[in-house]
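To begin, one chain is listed below as structure tokens, in the form predicted alone.
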């Protein structure tokens, strides 16, 4: 047992030296993960901080000015034009000069004073449906606040039913609070999968794989020696993204670091198993890289990183069951934002354990056939 452990340590040291001997390789292990974490934190967001809009105020009354003052003073909306005719609306939307147009009818104030209902038309650019929906919801919130203030100031009966929203785990509904924890697993998987997939292919191209055939290494020891360096790299990259979330974006961490990285270790075992399978099949490093990219993109799209798995078609939801990244993202988000412990993560951990067992066993069998 001790001799087997020493052989695994020796092979692990050899793999780490192959990766870390070049300064550029060392930099590529941690710096890209940190840079991508920063880029995603700022660029991959559905939050709207600036909404250019135009106004077609056909009433031009004190009430309409009060409503528009609520929009202008929100800090989100910027009025770029006051339109004079409904014919101007299409050109402003088509040319993307505004995201939406607010149209107020001529009898807006008169109907309000009479206690009657009236409408405010919002025409949004729907080419980006998420942005349009978010901007429209902002307008709805401003109109609701105006309506409450108008009723109070004019002695009208308040609304019988009102709703008060409270968002748990992300009070300000910031996109990066949802995105950055998911990147802890995503960015770690990309490098881990590629490193593992190219490990044996690199041996074949350099002519050192035949030397492994005459060594006393057993298939399990070769597999372990190839897997441990990738595991260390994945944990290092996950720690880098975690530090970005903590020190740069200041996203509060509600859970336990031990719980988070315990779940990530199980995920990395599954990812390494897939990488070793690809490594056993690929004959060259180019093939290994192409196979890795072929898996990385579907894994990322079907992981729930940007869109919830529950919103996907039923057929695709079945495919996500074999995607280890889906479970890693759920673990990272629940531990980071909700502070859950390992007992509540069982439904994510056992599929990862199953995927790891199947892929590592298959990889070990394929290595055994190659060596024998």
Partner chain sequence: MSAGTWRDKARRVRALMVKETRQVIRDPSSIAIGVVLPMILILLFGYGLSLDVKNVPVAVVVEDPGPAARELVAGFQLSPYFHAQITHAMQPAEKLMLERSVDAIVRIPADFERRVNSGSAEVQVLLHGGDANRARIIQGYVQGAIQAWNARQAAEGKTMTGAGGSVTVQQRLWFNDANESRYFLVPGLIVLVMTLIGALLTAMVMAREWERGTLESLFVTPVRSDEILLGKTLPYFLLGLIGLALCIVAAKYLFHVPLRGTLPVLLGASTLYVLVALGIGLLISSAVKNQMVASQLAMLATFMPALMLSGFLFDLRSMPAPIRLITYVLPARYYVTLLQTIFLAGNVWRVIVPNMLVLAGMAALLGLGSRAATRKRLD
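Positions refer to the first chain, counted from 1. Everything quoted here is computed from the prediction, not taken from an experiment.
The discussion below concerns the form predicted together with the partner chain, not included here.
- In the predicted complex, residue 262 stays away from the partner chain, with no heavy atom inside 4.5 Å.
- The partner chain is not shown here, and in the predicted complex it never comes within 4.5 Å of any heavy atom of residue 269.
- Not displayed here, the partner chain is kept clear of residue 231 by more than 4.5 Å at the level of heavy atoms in the predicted complex.
- Residue contact check for residue 85: none of its heavy atoms lie within 4.5 Å of the partner chain in the predicted complex.
- Contact check for 251, 278 and 364: none of the three has a heavy atom within 4.5 Å of the partner chain in the predicted complex.
- 112 is the sole member of 227, 241, 274, 112 with a non-hydrogen atom within 4.5 Å of the partner chain in the predicted complex.
- When you look in the predicted complex, the only residue of 80, 290, 257, 283 with a non-hydrogen atom within 4.5 Å of the partner chain is 290.
- Using a 4.5 Å cut-off on any heavy atom, the residues of 298 to 330 that reach the partner chain in the predicted complex are, in sequence order, 298, 301, 302, 306, 307, 308, 310, 311, 312, 313, 316.
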